[in-house]
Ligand code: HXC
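The chain below stands alone, shown as structure tokens; this is the form predicted on its own.
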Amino acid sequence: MDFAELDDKRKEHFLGGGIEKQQEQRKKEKMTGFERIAILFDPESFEEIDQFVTHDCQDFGMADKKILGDGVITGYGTIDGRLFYSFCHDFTVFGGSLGLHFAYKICKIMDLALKQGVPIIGINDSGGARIQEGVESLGGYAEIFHRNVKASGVIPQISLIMGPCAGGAVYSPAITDFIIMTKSAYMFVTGPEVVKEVTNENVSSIELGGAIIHNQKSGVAHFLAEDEIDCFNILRKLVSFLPSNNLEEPPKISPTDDPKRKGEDLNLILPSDSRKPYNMDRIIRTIVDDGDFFEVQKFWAKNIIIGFARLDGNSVGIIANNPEVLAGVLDINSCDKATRFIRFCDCFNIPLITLVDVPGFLPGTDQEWGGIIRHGAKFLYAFSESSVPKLTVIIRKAYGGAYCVMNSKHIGGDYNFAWPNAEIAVMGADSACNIIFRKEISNSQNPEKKRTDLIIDYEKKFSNPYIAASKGYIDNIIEPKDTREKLISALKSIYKKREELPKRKHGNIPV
């Protein structure tokens, strides 16, 4: 048999848009598509599919510009021994623009991933729709979006943005579960030229939709990578916490940390003044295995902290108020941030750990007019709907409606603990006494002393954790140093939890 033609075509395919185009890509400090695939997957594990596909566009001279693979590399391979499907835009071919057959290649991979129950990773570096193919390219995008929705909650979907991602192209990554952006990448619906024409704003691509913008301001992205190598490292860390599909348990590793290890520092971490901040990240790292906490959306809505960790080798998702930012208050963005994370963990059987220190919802016209009621309801809905094991520790404050929302016993918390100095009340004792005892305080000969006495009495009667514990709303009051041990023990007792929701097509979350 003659294999010469096959060898020639393979060599042609690996050149993509040609050596010059590949060199241009490297000059921008960007890898070629094949170089990215080689780093993403374990050595020699990647199997390419559809490497000989080409477009069939005949207009605008495209009939003479057929390149094998049509600008996207698709296939499967292993990452740390686990199977993943992937597609990777090749910017050297028509600027990575999406045409009909380009889209069909991606759709085929997505269909295979869904059938097999395997995560899919998309590497995005594209100029957008292939204009020469007109509406066919738009239809191709829509086919991909439709599959993103079908796969949502069934297999993890992760998008790596390593270059431009503009126009309709942004909606596929936006539907996926996580977006990792390199610092040189950007995403936007309308580019700087259109913005200039419509709003008269002068803005660069990076200023409009760069990685820092989407990590700090919009909340579109979940991780900020220094470069492409860092991007792949973040990806590998992320997938280590995730199951391959919604029917599997998350990966469990052999623990190297003592499940009964005490966190002695936690007994001293809270300031004597309950209005002063402290480092919630330090509490998280003291509790979890080996101090290893993988934070998600670190730079956006920093008044709440979310991320992955392990307890005795088990993957868990953590949601914690951050008293160092806005006193840990809940606002529109923090509610959205936590809601999506809760729903992801619930989709993929990852238990939830909630650490509470929340003085309430952020007041003000901006929040009320922006729909804090709707966004807070989303947060409440997500916790209440989730059926994974849910553990809560009230670290310090749990006031008002925010107490209810932060995985309280009333909305389905399985085990709810509190530290001894926790304050569980409709509002803080200061504010409550100012309202209830306004006349008594003002008519007193020593208003300040009267106010102090009333606050102390109110705290004893209404806001200390023993009141909630006496009603069964708190399962146990624990020493801070025992938090890790108690959480691990509780998780073991509830890890196989099975809870069926009422039969329905889907709920109507207040989006």
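This one's a predicted model, so the numbers in the text were calculated from it and none came from an experiment. The numbering used is simple: start at 1 and walk along the sequence shown.
Omitted here: the form predicted together with ligand HXC. The next part is about that form.
In the model of the complex, Ala169 approaches ligand HXC with a heavy atom inside 4.5 Å. Under a 4.5 angstroms non-hydrogen atom cutoff, ligand HXC in the model of the complex lacks Gly219 among its neighbouring residues. Put simply, Ala129 is close to ligand HXC in the model of the complex: some heavy atom of it is within 4.5 Å. By the criterion of a heavy atom within 4.5 Å, Phe91 is counted among the residues contacting ligand HXC in the model of the complex. Lys28 is the sole member of Lys471, Lys66, Lys28, Lys449 with a non-hydrogen atom lying within 4.5 angstroms of ligand HXC in the model of the complex. Comment: ligand HXC is not present in this chain, but in the model of the complex one of Pro389, Pro173, Pro119, Pro164 has a heavy atom within 4.5 Å of it, namely Pro164.
Using a 4.5 Å cut-off to ligand HXC in the model of the complex, each of Lys21, Tyr141 and Tyr186 places a heavy atom inside that distance.
Comment: 130-138 is the region of 130-138, 147-155, 398-406, 243-251 lying near ligand HXC in the model of the complex, near meaning a non-hydrogen atom within 4.5 Å.
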